[in-house]
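Considered here are two forms of the same protein chain, supplied as structure tokens in two stand-alone entries, structure 1 and structure 2.
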Structure 1
């Protein structure tokens, strides 16, 4: 069977068909951007000082110092890896029932709206904001970081898991229902085989995200390598900061290649 392709180019449909209105809208956007940029108050002296500091930081990045603060770097790295692994495992475990409850084709309406509310709250708050709140509650340290990453993982995994469940092949689910299977048997034999590969891939992806986020939330006192990085920058130890960044980049690259290989192996 041969496939025919169009031989002439056709302009895609336009939202605003009147040419005068399109030009007027473009001019209005340009005027708005010019006025918005004009409201910015730029301190060029501070910009010059910042460029000088940036140059010093780049030089420190090119000449990293792994030895001077190695004990602090090692401690922060262990904290970040511990937070990343534990928060991912706990977050994925908790996100499974939330994701199932947030699937419209599995859960009754009250459970559906309750689980969707949990997902909405988790996804509406950025990790740094959650970390600031939890640090104020539980104090500085990795425990606040663990809670932050676990809460963020629930919203991330549960949202995508619920969407996958709603998009399953209903024929397989109806076949299992027709045998008189219970709700748990339906989930186990009709839902789980279809969404499990996707869930494993999302969990590995979230593991990568949690490590990078652990470096960010550490800046606000939630422990991990981010706290060590913030201390090095505050002390103008840019060579140590460069070493920390190189370690973070190296671990993220290892996790990326490792997760890609594992996903191919599982598929």
Structure 2
């Protein structure tokens, strides 16, 4: 008497265990895809014409032209880099009080909600949209970009700083408090040493993000390398555009490796 064992094995489903749910979800995804692709209007003729241009762009990327527009590229780069540094410094300085205010264990409830509201507003608005408004208010140029990036930095740093402060070792704060320290002394001697390494790491990370963003907000008039790039593409000067993109990629790579090295060194 031999009982028949199955000779093949099928992998059991991992995420959605219920069969009807799984099939239902698959059908729903399929229906959505058909609908989405159905409403997609693509002008294939235009695409075919564009492919030749795409080829030229790839050629431009492979043979970048750094020299003929070097003055514009240089000015854009200087604007972007200065904007990045100043906005990160100001943004971090402003986000420290906001971050302390948004930490539950340090701030009273009204201050807490007010600071969390600032963070929510700053985080949910796109940099580009903020830039449009600030350019309308402050005029074209890197100053509007500086304000945009500072504002965006506040949301980013303050949120992470506040979360960090909420997660500190309470025993140390308790020890400092029991010596009769004032609130300022508590922040200075119990909180600051615990969050400082993280804060420096986050600031370096934000520096990197701000540079990347500074390349974007130039498209809406807020100065920087983005404006130069926009002009180069509008003039179909793909070799200059390729050069600018390569410079951006290079600086981002340097910033990324540099900041990860610095963070390791500081911690």
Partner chain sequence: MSEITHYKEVWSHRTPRTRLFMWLGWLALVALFVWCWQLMTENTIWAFVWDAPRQASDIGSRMWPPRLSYLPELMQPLWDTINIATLGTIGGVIMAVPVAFMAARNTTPSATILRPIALFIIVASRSINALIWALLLVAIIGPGLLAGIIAIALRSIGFVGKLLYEAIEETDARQVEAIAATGASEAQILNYGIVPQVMPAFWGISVFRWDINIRESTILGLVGAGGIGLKLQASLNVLAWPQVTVILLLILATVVFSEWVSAKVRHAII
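Residue numbers count along the first chain shown, from 1. The term rigid core refers to the maximal set of C-alpha atoms that superpose within 1.5 Å between the two forms. Predicted model, so just to flag it, every value in this text is computed and none were measured.
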>> Two copies of the same chain, shown separately. Which of them is the form predicted in complex with its partner chain?
In response: 2
> Taking the rigid core as reference, does the Cα of residue 234 move 2 Å or more between structure 1 and structure 2?
Replying inline: no
>> If I superpose the two forms on their rigid core, does the C-alpha of residue 70 end up displaced by 2 Å or more between structure 1 and structure 2?
In response: no
> Can a Cα shift of no less than 2 Å be assigned to residue 25 between structure 1 and structure 2, given superposition on the rigid core?
Replying inline: yes
> Following alignment on the rigid core, what Cα displacement (Å) is computed for residue 34 between structure 1 and structure 2?
Replying inline: 2.4
